[in-house]
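Form predicted on its own, single chain, as structure tokens, below.
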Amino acid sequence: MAESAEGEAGFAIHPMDQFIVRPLFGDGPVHWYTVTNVTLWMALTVLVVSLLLVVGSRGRVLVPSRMQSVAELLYGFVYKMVEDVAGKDGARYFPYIMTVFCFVLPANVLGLLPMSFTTTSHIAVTAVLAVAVFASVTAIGFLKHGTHFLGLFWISSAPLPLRPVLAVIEVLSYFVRPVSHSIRLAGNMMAGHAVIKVFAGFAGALGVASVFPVVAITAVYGLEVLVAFIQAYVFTILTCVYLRDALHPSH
């Protein structure tokens, strides 16, 4: 009876329900070919990027429109990031890094809309992005330097007895990269949204006193807007760092 009364009072808060993958049509099981809410919001992310970069910059007038200004600002920001971190050699891989940034940022921001789904809160999405980056930069390293790419793991400046130990540590840390790369993004996006859902549950249950959780929701939501941009930046700049290591592997 006590549990029933508590549920009727509105305290049955399930913050993780917002991350459940559901089919868009019907209530059956989710298979690899099922069109789900994840599919929908990833498609909307691609649509937003297309509208911004393709349609917005199509005119390329001397006095740019607002959409063209945003597209040019985004282009310049990412290009400078690639050039500053990975060097001029890394600029040839700018299209790939630009694609990564232009997927992660809109996906993070769209997840802040009411009734939306945050695709980057799922490790299945962020892991694919991270593994793709890991495989790409590793392939670039071996194609560009051959076996000399293994110099990334051999710290020649360290004392000789320590080099084998440090080499093992470097190899382990290298293969942990896609794990940390993906979990960092998914964990940060999931945590903030879960906190907002908890405060929203209290706001619906406290009646007049709900002003306090509403204020908390506003503060956390503002923080989540900032986190959406920061996490897209962090994911992209780490990609640039990994690319720099592939292009210049020697310590």
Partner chain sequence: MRAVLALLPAIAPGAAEAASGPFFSLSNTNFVVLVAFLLFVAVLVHFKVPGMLGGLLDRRAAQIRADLEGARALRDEAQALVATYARRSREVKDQADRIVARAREDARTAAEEAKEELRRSIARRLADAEDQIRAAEEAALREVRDRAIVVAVAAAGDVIARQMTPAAGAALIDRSITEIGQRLG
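This one's a predicted model, so the numbers in the text were calculated from it and none came from an experiment. Positions refer to the first chain, counted from 1.
The form predicted together with its partner chain exists for this protein as well; it is not shown, and the discussion that follows is about that form.
> Hey, in the predicted bound form, is A135 touching its partner chain, heavy atoms inside 4.5 Å?
A135: no contact with its partner chain in the predicted bound form.
> Is there a heavy atom of V168 lying 4.5 Å or less from a heavy atom of its partner chain in the predicted bound form?
Output for V168 is no: heavy atoms all beyond 4.5 Å of its partner chain.
> Using the partner position in the predicted bound form, report whether M115 sits within 4.5 Å of its partner chain, counting heavy atoms only.
Yes.
> Is A139 a contact residue for its partner chain in the predicted bound form, using a 4.5 Å heavy atom cut-off?
Close contact is absent here: in the predicted bound form, A139 is far from its partner chain, nothing within 4.5 Å, heavy atoms only.
> Would you give me the residues of 116 to 133 that have any heavy atom within 4.5 Å of its partner chain in the predicted bound form, in order from first to last?
Going through 116 to 133 in order - heavy atoms within 4.5 Å of its partner chain in the predicted bound form - there are no hits.
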